[in-house]
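Here we start with a single chain on its own, the form predicted on its own, put down as C-alpha coordinates.
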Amino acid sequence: MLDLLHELLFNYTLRTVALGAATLGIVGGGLGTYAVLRGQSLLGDAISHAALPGIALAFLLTGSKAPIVLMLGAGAAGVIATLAILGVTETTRVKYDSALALMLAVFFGFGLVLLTYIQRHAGASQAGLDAFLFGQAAALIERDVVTMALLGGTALLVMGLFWKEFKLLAFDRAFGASLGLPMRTLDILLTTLLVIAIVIGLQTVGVVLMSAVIIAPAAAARQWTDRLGVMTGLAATFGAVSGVGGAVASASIPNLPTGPTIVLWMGILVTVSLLGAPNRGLLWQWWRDRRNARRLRRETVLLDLYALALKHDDPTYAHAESVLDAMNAWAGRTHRALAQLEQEGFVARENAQRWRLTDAGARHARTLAEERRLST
(Lines give C-alpha, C1' and ligand atoms only; values in the text may rest on other atoms or scores of the structure.)
Protein backbone atom coordinates (compact mmCIF):
# COMPACT_ATOMS: atom_id res chain seq x y z
CA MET A 1 0.00 0.00 0.00
CA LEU A 2 2.82 2.39 0.89
CA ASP A 3 4.54 1.58 -2.40
CA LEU A 4 1.32 2.34 -4.25
CA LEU A 5 0.90 5.64 -2.42
CA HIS A 6 4.52 6.49 -3.18
CA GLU A 7 3.95 5.76 -6.87
CA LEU A 8 0.76 7.85 -6.84
CA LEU A 9 2.59 10.83 -5.36
CA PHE A 10 5.93 10.68 -7.15
CA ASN A 11 5.37 8.81 -10.41
CA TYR A 12 4.76 11.58 -12.95
CA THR A 13 2.62 9.51 -15.33
CA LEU A 14 0.42 7.92 -12.66
CA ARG A 15 0.04 11.20 -10.77
CA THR A 16 -0.93 13.08 -13.93
CA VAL A 17 -3.44 10.46 -15.04
CA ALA A 18 -4.94 10.21 -11.55
CA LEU A 19 -5.29 14.00 -11.27
CA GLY A 20 -6.87 14.19 -14.71
CA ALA A 21 -9.28 11.34 -13.96
CA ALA A 22 -10.17 12.84 -10.57
CA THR A 23 -10.81 16.24 -12.17
CA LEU A 24 -13.02 14.63 -14.77
CA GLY A 25 -14.88 12.66 -12.09
CA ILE A 26 -15.53 15.76 -9.97
CA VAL A 27 -16.81 17.86 -12.88
CA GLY A 28 -18.75 15.05 -14.54
CA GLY A 29 -20.28 13.85 -11.28
CA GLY A 30 -21.26 17.33 -10.11
CA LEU A 31 -22.90 18.42 -13.35
CA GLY A 32 -24.29 14.95 -14.04
CA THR A 33 -26.50 15.41 -10.98
CA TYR A 34 -28.78 17.69 -12.97
CA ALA A 35 -28.88 15.31 -15.93
CA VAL A 36 -30.04 12.48 -13.66
CA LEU A 37 -32.57 14.59 -11.76
CA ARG A 38 -34.05 16.01 -14.98
CA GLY A 39 -34.34 12.59 -16.61
CA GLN A 40 -31.82 13.52 -19.30
CA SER A 41 -29.35 10.70 -18.85
CA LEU A 42 -29.26 9.95 -22.56
CA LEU A 43 -28.42 13.58 -23.32
CA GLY A 44 -24.86 12.97 -22.11
CA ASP A 45 -24.55 9.98 -24.43
CA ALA A 46 -25.85 11.98 -27.38
CA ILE A 47 -23.56 14.96 -26.73
CA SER A 48 -20.46 12.82 -26.28
CA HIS A 49 -21.07 11.03 -29.58
CA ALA A 50 -21.97 14.32 -31.28
CA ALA A 51 -18.61 15.78 -30.22
CA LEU A 52 -16.65 13.48 -32.52
CA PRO A 53 -17.19 15.45 -35.77
CA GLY A 54 -16.24 18.62 -33.90
CA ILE A 55 -12.88 17.10 -33.00
CA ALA A 56 -12.27 16.01 -36.58
CA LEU A 57 -13.31 19.35 -38.06
CA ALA A 58 -11.17 21.27 -35.58
CA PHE A 59 -8.17 19.23 -36.72
CA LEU A 60 -9.00 19.65 -40.40
CA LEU A 61 -9.41 23.42 -40.07
CA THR A 62 -6.40 24.12 -37.85
CA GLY A 63 -4.09 21.15 -38.39
CA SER A 64 -3.50 21.24 -34.64
CA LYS A 65 -3.97 18.47 -32.08
CA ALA A 66 -3.66 20.85 -29.12
CA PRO A 67 -6.21 19.77 -26.47
CA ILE A 68 -7.80 23.20 -26.22
CA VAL A 69 -8.36 23.33 -30.01
CA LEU A 70 -9.93 19.88 -30.14
CA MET A 71 -12.01 20.61 -27.03
CA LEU A 72 -13.35 23.80 -28.61
CA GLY A 73 -14.32 21.83 -31.70
CA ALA A 74 -15.97 19.10 -29.61
CA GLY A 75 -17.77 21.71 -27.53
CA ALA A 76 -19.10 23.52 -30.58
CA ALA A 77 -20.39 20.27 -32.04
CA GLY A 78 -21.98 19.34 -28.71
CA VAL A 79 -23.77 22.68 -28.44
CA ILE A 80 -24.98 22.45 -32.06
CA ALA A 81 -26.28 18.92 -31.43
CA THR A 82 -28.06 20.08 -28.26
CA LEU A 83 -29.71 22.99 -30.04
CA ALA A 84 -30.70 20.68 -32.87
CA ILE A 85 -32.32 18.29 -30.39
CA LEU A 86 -34.24 21.16 -28.75
CA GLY A 87 -35.25 22.51 -32.16
CA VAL A 88 -36.53 19.15 -33.38
CA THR A 89 -38.54 18.44 -30.21
CA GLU A 90 -40.06 21.95 -30.08
CA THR A 91 -40.96 22.33 -33.75
CA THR A 92 -41.94 18.79 -34.76
CA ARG A 93 -43.85 15.83 -33.37
CA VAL A 94 -40.64 13.86 -32.89
CA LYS A 95 -40.30 12.95 -29.22
CA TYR A 96 -37.29 13.76 -27.07
CA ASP A 97 -35.83 10.24 -26.96
CA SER A 98 -36.23 9.85 -30.72
CA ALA A 99 -34.49 13.19 -31.32
CA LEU A 100 -31.63 12.12 -29.04
CA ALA A 101 -31.16 8.84 -30.89
CA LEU A 102 -31.37 10.61 -34.24
CA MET A 103 -28.73 13.24 -33.41
CA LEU A 104 -26.48 10.69 -31.73
CA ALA A 105 -26.45 8.48 -34.81
CA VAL A 106 -26.15 11.29 -37.37
CA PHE A 107 -23.35 13.19 -35.61
CA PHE A 108 -21.43 10.04 -34.66
CA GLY A 109 -21.70 8.71 -38.20
CA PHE A 110 -20.47 12.05 -39.57
CA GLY A 111 -17.59 11.95 -37.13
CA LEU A 112 -16.56 8.45 -38.26
CA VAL A 113 -16.66 9.59 -41.88
CA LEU A 114 -14.39 12.53 -41.09
CA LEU A 115 -12.00 10.37 -39.06
CA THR A 116 -11.73 7.90 -41.94
CA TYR A 117 -11.05 10.77 -44.36
CA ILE A 118 -8.37 12.21 -42.06
CA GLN A 119 -6.64 8.85 -41.64
CA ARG A 120 -6.41 8.43 -45.42
CA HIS A 121 -5.40 11.95 -46.39
CA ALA A 122 -3.77 13.75 -43.47
CA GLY A 123 -0.65 11.60 -43.20
CA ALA A 124 1.13 10.99 -39.92
CA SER A 125 -0.09 14.23 -38.36
CA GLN A 126 -3.48 12.69 -37.66
CA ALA A 127 -2.03 9.97 -35.41
CA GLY A 128 -3.87 9.78 -32.11
CA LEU A 129 -7.20 11.28 -33.15
CA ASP A 130 -8.87 7.86 -33.10
CA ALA A 131 -8.00 7.71 -29.40
CA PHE A 132 -11.01 9.95 -28.81
CA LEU A 133 -13.25 7.01 -29.66
CA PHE A 134 -12.23 4.92 -26.64
CA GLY A 135 -10.02 7.35 -24.77
CA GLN A 136 -6.33 7.28 -23.98
CA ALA A 137 -5.93 8.38 -20.39
CA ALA A 138 -2.33 7.20 -20.23
CA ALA A 139 -1.44 9.87 -22.79
CA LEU A 140 -2.52 12.72 -20.50
CA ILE A 141 0.18 15.25 -19.76
CA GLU A 142 0.29 18.09 -17.29
CA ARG A 143 -0.93 20.61 -19.88
CA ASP A 144 -4.04 18.50 -20.50
CA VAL A 145 -4.84 18.30 -16.79
CA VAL A 146 -4.46 22.07 -16.40
CA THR A 147 -6.82 22.62 -19.34
CA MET A 148 -9.34 20.18 -17.85
CA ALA A 149 -9.11 21.86 -14.45
CA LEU A 150 -9.60 25.37 -15.87
CA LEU A 151 -12.59 24.45 -18.04
CA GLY A 152 -14.14 22.17 -15.44
CA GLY A 153 -13.57 24.63 -12.61
CA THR A 154 -15.23 27.37 -14.64
CA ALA A 155 -18.23 25.12 -15.30
CA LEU A 156 -18.55 24.27 -11.60
CA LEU A 157 -18.21 27.96 -10.69
CA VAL A 158 -21.06 28.90 -13.04
CA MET A 159 -23.12 26.05 -11.60
CA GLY A 160 -22.56 27.47 -8.13
CA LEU A 161 -23.48 31.01 -9.21
CA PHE A 162 -26.78 29.82 -10.71
CA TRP A 163 -27.46 27.23 -8.01
CA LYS A 164 -30.97 28.39 -7.09
CA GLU A 165 -32.00 28.95 -10.70
CA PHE A 166 -30.78 25.51 -11.78
CA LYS A 167 -32.55 24.02 -8.76
CA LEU A 168 -35.82 25.52 -9.97
CA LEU A 169 -35.09 24.28 -13.48
CA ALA A 170 -34.60 20.74 -12.19
CA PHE A 171 -37.56 20.53 -9.81
CA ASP A 172 -40.20 23.10 -10.76
CA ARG A 173 -39.64 24.74 -14.14
CA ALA A 174 -43.19 26.14 -14.26
CA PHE A 175 -42.76 27.91 -10.92
CA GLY A 176 -39.47 29.38 -12.11
CA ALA A 177 -41.16 30.69 -15.23
CA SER A 178 -43.92 32.23 -13.09
CA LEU A 179 -41.20 34.17 -11.22
CA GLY A 180 -40.04 35.65 -14.51
CA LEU A 181 -36.84 33.62 -14.79
CA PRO A 182 -35.65 32.87 -18.36
CA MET A 183 -35.98 29.11 -18.04
CA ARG A 184 -35.09 28.35 -21.67
CA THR A 185 -31.89 30.38 -21.40
CA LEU A 186 -31.07 28.63 -18.13
CA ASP A 187 -31.77 25.29 -19.82
CA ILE A 188 -29.32 26.11 -22.60
CA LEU A 189 -26.74 27.36 -20.09
CA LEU A 190 -26.96 24.21 -17.98
CA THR A 191 -26.71 22.03 -21.07
CA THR A 192 -23.66 24.02 -22.19
CA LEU A 193 -22.01 23.30 -18.84
CA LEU A 194 -22.79 19.63 -19.37
CA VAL A 195 -21.16 19.88 -22.80
CA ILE A 196 -18.02 21.28 -21.15
CA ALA A 197 -17.95 18.39 -18.67
CA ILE A 198 -18.22 15.93 -21.53
CA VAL A 199 -15.65 17.64 -23.73
CA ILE A 200 -12.92 17.65 -21.10
CA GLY A 201 -13.30 13.90 -20.62
CA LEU A 202 -13.18 12.75 -24.23
CA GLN A 203 -9.42 12.29 -24.25
CA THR A 204 -9.57 10.26 -21.03
CA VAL A 205 -12.44 7.83 -21.58
CA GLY A 206 -13.55 8.53 -25.17
CA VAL A 207 -16.93 9.33 -26.71
CA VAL A 208 -18.24 5.79 -26.23
CA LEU A 209 -17.85 5.66 -22.44
CA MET A 210 -18.14 9.35 -21.57
CA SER A 211 -21.84 9.18 -20.75
CA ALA A 212 -21.05 6.78 -17.89
CA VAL A 213 -18.81 9.41 -16.27
CA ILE A 214 -21.73 11.85 -16.33
CA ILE A 215 -24.47 9.50 -15.19
CA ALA A 216 -22.94 6.80 -12.97
CA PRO A 217 -21.64 8.95 -10.06
CA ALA A 218 -24.89 10.92 -9.92
CA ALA A 219 -27.01 7.76 -10.10
CA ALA A 220 -25.01 6.28 -7.23
CA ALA A 221 -25.30 9.47 -5.16
CA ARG A 222 -29.08 9.60 -5.75
CA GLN A 223 -29.46 6.38 -3.76
CA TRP A 224 -27.98 7.94 -0.63
CA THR A 225 -29.77 11.27 -0.27
CA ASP A 226 -32.74 13.42 -1.25
CA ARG A 227 -30.89 16.74 -0.85
CA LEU A 228 -29.47 18.36 -4.00
CA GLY A 229 -26.36 19.79 -2.32
CA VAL A 230 -25.44 16.50 -0.65
CA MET A 231 -26.13 14.59 -3.86
CA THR A 232 -23.91 16.91 -5.88
CA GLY A 233 -21.09 16.57 -3.36
CA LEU A 234 -21.43 12.79 -3.21
CA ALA A 235 -21.51 12.50 -7.01
CA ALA A 236 -18.34 14.58 -7.31
CA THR A 237 -16.68 12.47 -4.61
CA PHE A 238 -17.72 9.20 -6.26
CA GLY A 239 -16.40 10.50 -9.58
CA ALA A 240 -13.05 11.48 -8.06
CA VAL A 241 -12.68 8.17 -6.21
CA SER A 242 -13.50 6.23 -9.37
CA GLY A 243 -11.02 8.29 -11.37
CA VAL A 244 -8.15 7.76 -8.95
CA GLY A 245 -9.11 4.12 -8.35
CA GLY A 246 -9.24 3.40 -12.08
CA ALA A 247 -5.90 5.09 -12.69
CA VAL A 248 -4.21 3.19 -9.86
CA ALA A 249 -5.73 -0.15 -10.88
CA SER A 250 -4.70 0.40 -14.48
CA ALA A 251 -1.15 1.21 -13.41
CA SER A 252 -0.97 -1.80 -11.09
CA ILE A 253 -2.26 -4.44 -13.53
CA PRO A 254 -0.49 -4.79 -16.89
CA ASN A 255 -2.49 -4.16 -20.08
CA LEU A 256 -5.50 -2.81 -18.19
CA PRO A 257 -6.96 0.21 -20.07
CA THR A 258 -7.46 3.24 -17.85
CA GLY A 259 -10.70 4.69 -19.27
CA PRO A 260 -12.76 1.47 -19.12
CA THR A 261 -11.30 0.72 -15.68
CA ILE A 262 -12.52 4.09 -14.40
CA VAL A 263 -15.99 3.28 -15.73
CA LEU A 264 -15.83 -0.15 -14.06
CA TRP A 265 -15.07 1.54 -10.74
CA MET A 266 -18.10 3.72 -11.25
CA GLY A 267 -20.17 0.64 -12.02
CA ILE A 268 -19.02 -0.93 -8.75
CA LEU A 269 -20.03 2.19 -6.82
CA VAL A 270 -23.44 2.21 -8.50
CA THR A 271 -23.94 -1.47 -7.64
CA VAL A 272 -22.94 -0.95 -4.01
CA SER A 273 -25.25 2.06 -3.79
CA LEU A 274 -28.19 0.24 -5.36
CA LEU A 275 -27.76 -2.62 -2.90
CA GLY A 276 -26.61 -0.98 0.30
CA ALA A 277 -27.81 2.63 0.43
CA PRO A 278 -30.19 3.31 3.35
CA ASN A 279 -33.85 3.82 2.44
CA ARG A 280 -33.39 3.08 -1.31
CA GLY A 281 -30.92 0.18 -1.26
CA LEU A 282 -32.34 -3.17 -2.35
CA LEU A 283 -30.80 -5.01 0.61
CA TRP A 284 -32.17 -2.46 3.05
CA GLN A 285 -35.56 -2.64 1.40
CA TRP A 286 -35.49 -6.46 1.59
CA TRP A 287 -34.50 -6.35 5.26
CA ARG A 288 -37.18 -3.70 6.00
CA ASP A 289 -39.87 -5.73 4.24
CA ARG A 290 -38.92 -8.85 6.21
CA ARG A 291 -38.95 -6.90 9.48
CA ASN A 292 -42.36 -5.42 8.70
CA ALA A 293 -43.70 -8.82 7.67
CA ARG A 294 -42.52 -10.36 10.94
CA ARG A 295 -44.04 -7.50 12.93
CA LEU A 296 -47.32 -7.83 11.04
CA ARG A 297 -47.42 -11.59 11.75
CA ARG A 298 -46.76 -11.03 15.46
CA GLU A 299 -49.44 -8.35 15.71
CA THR A 300 -51.96 -10.49 13.82
CA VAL A 301 -51.37 -13.50 16.07
CA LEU A 302 -51.59 -11.28 19.14
CA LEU A 303 -54.89 -9.77 17.93
CA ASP A 304 -56.26 -13.22 17.11
CA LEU A 305 -55.43 -14.35 20.61
CA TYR A 306 -57.04 -11.18 21.99
CA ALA A 307 -60.19 -11.73 19.89
CA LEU A 308 -60.51 -15.29 21.25
CA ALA A 309 -59.93 -14.05 24.78
CA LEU A 310 -62.78 -11.52 24.47
CA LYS A 311 -65.17 -14.43 24.09
CA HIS A 312 -64.32 -15.45 27.65
CA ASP A 313 -64.58 -13.53 30.87
CA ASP A 314 -60.90 -14.19 31.52
CA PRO A 315 -58.68 -12.17 29.06
CA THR A 316 -55.79 -14.50 29.83
CA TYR A 317 -57.73 -17.60 28.83
CA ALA A 318 -55.41 -20.00 26.96
CA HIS A 319 -56.13 -21.20 23.41
CA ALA A 320 -54.70 -23.92 21.23
CA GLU A 321 -51.94 -23.02 18.80
CA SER A 322 -53.74 -24.98 16.06
CA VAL A 323 -56.72 -22.60 16.33
CA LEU A 324 -54.45 -19.56 15.93
CA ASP A 325 -52.72 -21.29 13.04
CA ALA A 326 -56.07 -21.77 11.28
CA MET A 327 -57.08 -18.11 11.78
CA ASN A 328 -54.33 -16.54 9.65
CA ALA A 329 -52.78 -16.99 6.24
CA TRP A 330 -49.29 -17.76 7.52
CA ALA A 331 -49.84 -21.40 8.29
CA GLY A 332 -46.75 -22.89 9.86
CA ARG A 333 -45.33 -19.56 11.03
CA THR A 334 -47.65 -19.04 13.97
CA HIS A 335 -45.38 -20.93 16.33
CA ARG A 336 -42.43 -18.67 15.47
CA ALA A 337 -44.59 -15.56 15.97
CA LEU A 338 -45.76 -16.89 19.35
CA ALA A 339 -42.17 -17.59 20.37
CA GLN A 340 -41.19 -14.00 19.52
CA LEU A 341 -44.23 -12.64 21.39
CA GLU A 342 -43.19 -14.76 24.38
CA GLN A 343 -39.73 -13.17 24.32
CA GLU A 344 -41.39 -9.74 24.29
CA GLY A 345 -43.52 -10.71 27.30
CA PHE A 346 -46.87 -10.45 25.51
CA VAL A 347 -47.88 -14.15 25.63
CA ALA A 348 -47.12 -17.09 27.89
CA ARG A 349 -47.13 -20.81 27.22
CA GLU A 350 -49.86 -22.63 29.17
CA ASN A 351 -48.65 -26.04 28.04
CA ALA A 352 -47.11 -27.55 24.91
CA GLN A 353 -50.05 -26.58 22.67
CA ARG A 354 -51.88 -23.74 24.42
CA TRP A 355 -50.99 -20.06 24.75
CA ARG A 356 -52.47 -17.15 26.70
CA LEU A 357 -52.06 -13.38 26.80
CA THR A 358 -50.09 -11.81 29.61
CA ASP A 359 -51.37 -8.62 31.22
CA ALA A 360 -48.90 -6.61 29.11
CA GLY A 361 -49.97 -8.55 26.02
CA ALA A 362 -53.65 -7.81 26.69
CA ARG A 363 -52.94 -4.08 27.05
CA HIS A 364 -50.80 -4.03 23.91
CA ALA A 365 -53.43 -5.99 21.93
CA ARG A 366 -56.15 -3.57 23.09
CA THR A 367 -54.06 -0.63 21.94
CA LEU A 368 -53.40 -2.27 18.54
CA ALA A 369 -57.10 -3.02 18.08
CA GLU A 370 -58.03 0.61 18.83
CA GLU A 371 -55.37 1.91 16.43
CA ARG A 372 -56.57 -0.32 13.60
CA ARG A 373 -60.20 0.60 14.28
CA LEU A 374 -59.31 4.31 14.08
CA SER A 375 -57.32 3.83 10.88
CA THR A 376 -60.21 2.12 9.06
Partner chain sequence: MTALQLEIQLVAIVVAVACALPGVFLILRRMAMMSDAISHAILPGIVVGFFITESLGSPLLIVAAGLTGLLTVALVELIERTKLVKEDAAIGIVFPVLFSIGVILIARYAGDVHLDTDAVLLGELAFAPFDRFTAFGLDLGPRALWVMGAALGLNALFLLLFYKELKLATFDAGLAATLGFLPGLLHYALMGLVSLTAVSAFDAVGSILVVALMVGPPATAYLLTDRLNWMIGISAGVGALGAVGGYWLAHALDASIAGAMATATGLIFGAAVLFAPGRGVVARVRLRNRQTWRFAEQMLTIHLLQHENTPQAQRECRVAHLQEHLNWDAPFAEKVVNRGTRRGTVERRGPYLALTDDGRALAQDALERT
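Computed from a predicted model, the values in this text were never measured in an experiment. Numbering follows the first chain given and starts at 1.
Omitted from view is the form predicted in complex with the partner chain, to which the following refers.
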Segment assignment from 146-154, 160-168, 216-224, 75-83: heavy atom within 4.5 Å of the partner chain in the model of the complex | 216-224
Is the partner chain in the model of the complex near all of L100, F110 and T116, within 4.5 Å of a heavy atom of each?
-> yes
Among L264, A138, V241, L181, which has at least one heavy atom within 4.5 Å of the partner chain in the model of the complex?
-> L264
In the model of the complex, the one of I26, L57, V36, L308 near the partner chain [non-hydrogen atom within 4.5 angstroms] = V36
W284: touches the partner chain in the model of the complex, heavy atom cutoff 4.5 angstroms | no
With the partner left out of view, is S211 within 4.5 angstroms of the partner chain in the model of the complex by any non-hydrogen atom?
-> yes
Does at least one non-hydrogen atom of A293 fall within 4.5 angstroms of the partner chain in the model of the complex?
-> no
Contact of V69 with the partner chain in the model of the complex (heavy atom, 4.5 Å) | no
If you look in the model of the complex, which residues in 229-265 sit within 4.5 Å of the partner chain (heavy atoms)?
-> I253, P254, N255, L256, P257, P260, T261, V263, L264
